[in-house]
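A lone chain, given as structure tokens: the form predicted alone.
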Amino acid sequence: MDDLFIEDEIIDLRDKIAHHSDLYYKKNQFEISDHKFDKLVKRLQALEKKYPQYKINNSPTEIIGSDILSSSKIIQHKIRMYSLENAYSIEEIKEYIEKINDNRTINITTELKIDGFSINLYYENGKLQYATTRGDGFEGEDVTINIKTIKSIPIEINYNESIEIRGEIYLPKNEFVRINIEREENGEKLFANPRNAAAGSIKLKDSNVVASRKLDSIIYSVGLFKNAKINTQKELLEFLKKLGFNVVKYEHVTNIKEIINQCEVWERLRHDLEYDIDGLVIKVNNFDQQQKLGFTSKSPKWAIAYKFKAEEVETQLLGVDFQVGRTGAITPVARLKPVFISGSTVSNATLHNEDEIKRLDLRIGDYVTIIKSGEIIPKIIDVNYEKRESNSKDIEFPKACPVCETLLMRENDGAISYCNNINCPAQIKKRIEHFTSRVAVDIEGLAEAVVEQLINHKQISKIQDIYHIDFEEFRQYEKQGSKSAENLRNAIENSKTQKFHKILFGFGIRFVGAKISKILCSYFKNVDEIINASYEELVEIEEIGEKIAQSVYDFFRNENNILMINSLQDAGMKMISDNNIIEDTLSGAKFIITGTLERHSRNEIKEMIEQNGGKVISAVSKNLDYIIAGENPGSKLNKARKIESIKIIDESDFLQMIGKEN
């Protein structure tokens, strides 16, 4: 092959590997399987070996993909963290064992390869000092606060020497399902798989949200560690177990048949575990032998990962349906020729948005490869262009809403098209279902089928109609009756006393989930205060960004929404915040908390402010009354010093203000 074409292929491979690596490590997304990614890397390795004149120092064959974001606090690892070489067949495992064995007795541990997020825990004098992500192998992001929410990671251990302990953070499968159900009800984007959910969670700014997701951990290795009494991986795992860590399931094996048996057994049993595994790690047990084998630029030579085959099946794309969500978002859904994969029959797969269709260059009639992301969500990952028929049809993304025919709008910086007709029948149905759902106003008995009955009989066409249902007519409907009608009447009546933050969440304001609803209701006393709030006041509130503030402001400027609120109030629904205000000492004073406080957490101080009638905001402005400064305050303190009206106080000053300190 011409050298010019070789160089072009090498550059193209580097670009593709960098693209997919960035998606995986920094955005928790993927467009191709691990196997296809590794094939790209191995092809590049082969070309660089054959044509060394084109090799560069920072080639993806020499460096580990990095999860570091530029805005994060970075900590250097004491000992470098490596990645593992992968094998995808038993033959490759046999070749590896022959290569490292050197005619000695086989002394190997086989360990489950957890499909999670790598973590490094540093302890000194028996106490956890910090926790970092793997990063680029040399340094990682500080995620200490979030790691402390994981119950299986001890804050103190019975070992006083300095030690780096390494493992995986994972999300149990049942938690993954629960969180995705909640996200769907909240109108939020679903996590593709448990690994992505764990990776996304561990970097969140709100540790309370991290704690609610019930992450867990499994430990398998160390970095910095000096202990002459421990000479094998097996001894190390038992030592870590005694320190109080959850350690990886492992077997000590002494022949190739046992290794192959472990690979085959766990590939078969992987679905029975409470967490995802994507392979088995085969590791030299003896530390002296590990040291002699050493490392490549990316990986230890004394370990390899046997990667299970992601179950992939090919089927035909029969068509694409366009669904309208409660916010008007248009989602394309692939209709597939039914196919059995990972324990169930699949006939639909999400295509996310128009950009995804274009990226795949997808057409009706194409033969596509699907996988189940995290063994749960069907996803199209590839198109077999060789089998494409000449009469295949392009997929035309609609220019108008498929239900009400309103012209679709697309945000300048977004990939999603919206129907902005608030009276679109599809949106109305979804909005009513959302309003009545368990996580919102919680009207038991108003399930999807019942809502559809009421809409079809023209009893309801908007949210407020729920409170004017003719129950005499309702009990005549198919599968209903007097008891159903009475139960529904009682449930609707009970909903009038629902907490304000649940009612606000039920309105379905774009970008306003359950958490933001609580924040708004802790800041404002009632719905009238929110209606009258300016954009500037909304954007000042802690954790309310510009996008959310604009969405809330616009919602309460819409005449139809105000009519809905008035109608709900007339029906007896109370929209008053339950702020738990004990005293009115602070009477609307606005605070910012910055730095590390000595006696109370920032959340505890925030709660005290709100209980005493004050408010916590996020941005320094002339509207701010007080800034409570702890150790190592941020840039907000410097900004506050430039505004004379802002009083700078410490924790003790604040406690004196509310009568908690003499």
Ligand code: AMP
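Note that residue numbering follows the sequence shown and begins at 1. Here the structure is a predicted model, which is why all the values come from computation and not from measurement.
Below: the form predicted in complex with ligand AMP, not depicted.
- Screening 536-544, 401-409, 76-84, 417-425 for residues having heavy atoms within 4.5 Å of ligand AMP in the model of the complex returns a single hit, 76-84.
- Though ligand AMP is absent from this view, in the model of the complex it lies within 4.5 Å of a heavy atom of just one residue from Tyr220, Phe500, Tyr523, Phe435, which is Tyr220.
- Contact annotation: of the candidates Ser118, Ser551, Gln290, Asn353, the single residue with a non-hydrogen atom within 4.5 angstroms of ligand AMP in the model of the complex is Ser118.
- For the three marked residues, Glu9, Leu44 and Glu48, no heavy atom of any sits within 4.5 Å of ligand AMP in the model of the complex.
- Proximity of Val248 to ligand AMP in the model of the complex falls within the 4.5 Å heavy atom cutoff.
- Within this chain, Arg134 lines the site of ligand AMP in the model of the complex, having a heavy atom no more than 4.5 Å away.
- Among heavy atoms of Lys113, some come within 4.5 Å of ligand AMP in the model of the complex.
- The closest heavy atom approach of Met575 to ligand AMP in the model of the complex falls outside 4.5 Å.
- Taking ligand AMP as it sits in the model of the complex, the stretch 282-316 comes within 4.5 angstroms of it through a non-hydrogen atom at Lys283, Lys307.
- A change of 3 Å or more separates the two forms for Lys307 and Thr350: their C-alpha atoms lie closer together in the model of the complex.
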